[in-house]
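Here are two versions of the same chain, shown separately as structure tokens and labelled structure 1 and structure 2.
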Structure 1
């Protein structure tokens, strides 16, 4: 039996109040907030953070494939999934590829994984943009989601696949020329005439295949970027009262490609055993996936639930900062040199460190080196006639740390000055001074608990420099 072994969503720290947009632009104020990828996050880092949560929940399963879907790839002609693969420290036998392009590619990756052999890690992420004040900007959201798909031979399934159903049709809903900050959209009412019948067929096919009455579905997730169509499908008769799942758009916005996985993770975090979950996605066609939860959902202990991440959101982000982070507001830079392009050979030589945050440990003393070093700092030396000291790799990405001292740099180049920087002492030993993120300068204290997060450091010559930063550990969190 094939199904979902683990699922997780990653909702970034920042929220933009929709009222803040209205206040700045003098438009009408919709309510709620949208999730915002920080200045140092993009679809690759959002995907990494979601996938790390999945890997923590299923550390024993090695994916044979990693499929990454996003409508906002940071590179063309370069596989974005490869950076995610490196950050997760997956073996080189795991194929990693992008299924990019449109929001439908997220569901498509999940469908592909469900119909293939071997464990497959589906990673989805989106950063939804739009021109200032647009519906896409205000109603969009940024998030990542990941699902580990496999069979019960790989471990306990949270939910088994019951049936799928799709309906494909070419028509013009929305389109975006690569590189443009916004999608263009066809007139609303025409699009609203296309999706509901497609959804109806997709749901019917899945129900027929699974021998299910749609009234028996316990959780129905209906999502899509076309608001009117989503509303129509949700309103269709046949779903059990109370089965329709809140699509979370009010609090985090619609995260496009990542939204199906995010809502699925959210449902699996609170579903009871033996419940039917239907995912209905409207994106250039309609897709339905029906799953049945297993007894394992009661044992499911996610590292960080979608609900807890939503609750932890920080909605103090100003609209000016949001626009700056999105490249919509070109502000005066710091009087510091432009960052240099990362050296590809240097980065390749140290990929374990740079992308995997792997230090080295001296087997003699146990002393930890971040970054990895050959000659240990405690009494180590090179000696003639002897081989250099042996070191052991020390993966540190999942080890929490404590702030020993810190500073705020008001001069360093940053899209969100001041740069907050701290000296971290890791649990069990090891020190590393590094940048903090998702935090304000005045809210850091010696003794604060932090965890590592995979982030964008800078972009030079179009080349993205990824490395690890630290962020506050949610209060009450054990790890």
Structure 2
């Protein structure tokens, strides 16, 4: 039997109040907030963070394939999944490929994984935006989601696949030319006339294949970028009262390609055994996936739930900063030289350090070297004389740390000054200076607990320089 071995969602720290948009532009906007990827986050880093949560829950399962889906890839002519593969430190036998371009690609990757052999890691992420004041900007959201798919031979399934159903039809809903910052959309009434019949057929086909009635579904997720169509499908008769799942768009917005996986992870974090979960996605057609939860959901102990991440959101982001981070408000830069393009040979030689945050450890004294050293040092001197021992790899990405000291730099180049740098003492030994993110300078204190996060350092000549920063560890969180 094939199904979901592990699932997780990643919701960025920042929120934008929709009222802030209305206040700035003098328009009307609904209440609530949308999740915002930080200035140092993009779809690749969002995907990494979601996938790291999955890997923590199923560390014993090595995926044979990693499929990354997004409608907002940071590169063309380069596989974005390769950076996620490197950050997760997966073996080179794991195929990493992009299945992106449209919001439907996320559910398509999940369907493909459910029908293939071997464990597969499906990673989805989107950064949704539009022109200032547009519905896409106000109602959009940013997030990542990841699902580890396999069979019960690979480990206990949280939910097993019951049935699927799809309906495809070509019509013009929305479109975006590569390179454009916003989507264009057709008139709502026409689109609303196309999606509900497609959803009805997709749901009916899945229910017939599974031999179940739609009234028996315990959790029904309906999601899509066309709000009026989603509302129509949710209002359709046949679903059990109370079975419709909150789509969370009021608090984090609609994260496009990532949203189906995010909602599925949220449901699996609170479902009971032997419940039927239906995922209905509307995007250039309709797809339905029906799963049945197993007894394993009672033992499911996610590192960080979707609900806890939503609750921890910070809604103090100003609309001006949001536009700046999106590249829609060009502000005076720091009077510092432009950053240099990252060296491809150097990055390749140090990939374990740069993308996996792997240090090295002295095999005899246990001393940790950050950055890694091939031979151990002690007190600034080579330890071992003319015949020093070789060091061992020391993965540090999941090791919490404590702020030893810090400084706020107000002249460094940053979209969100001041830049906060801190010296960290890692649990179990090891000290390293690095940048803090998702934090305000006035709220940092010596002794704060932090964790590492995969972020964007800068972009030069279109080339993205990724590395690791530290962010505050949520209160009450051990890891």
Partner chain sequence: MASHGIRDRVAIVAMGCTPFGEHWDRSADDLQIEAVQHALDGAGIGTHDVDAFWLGTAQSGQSGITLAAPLNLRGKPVTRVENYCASGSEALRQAAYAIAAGAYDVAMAVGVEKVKDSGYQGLNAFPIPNDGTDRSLTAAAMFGLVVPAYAERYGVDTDTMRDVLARIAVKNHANGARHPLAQFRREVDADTVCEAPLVAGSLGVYDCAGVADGAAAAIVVRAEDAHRYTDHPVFIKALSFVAGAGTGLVDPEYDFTHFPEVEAAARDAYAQATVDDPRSAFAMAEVHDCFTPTELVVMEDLGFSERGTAWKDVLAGRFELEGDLPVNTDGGLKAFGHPVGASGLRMHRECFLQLRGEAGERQVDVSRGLALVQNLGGYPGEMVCFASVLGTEPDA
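Under this definition, the rigid core comprises the largest set of C-alpha atoms superposing within 1.5 Å between the forms. Quick caveat, the model's predicted, so the values are computed rather than measured. Positions refer to the first chain, counted from 1.
- In this pair, the copy labelled structure 1 belongs to the form predicted together with its partner chain.
- In the core-superposed comparison between the two structures, the C-alpha atom of residue 380 has shifted by at least 2 angstroms.
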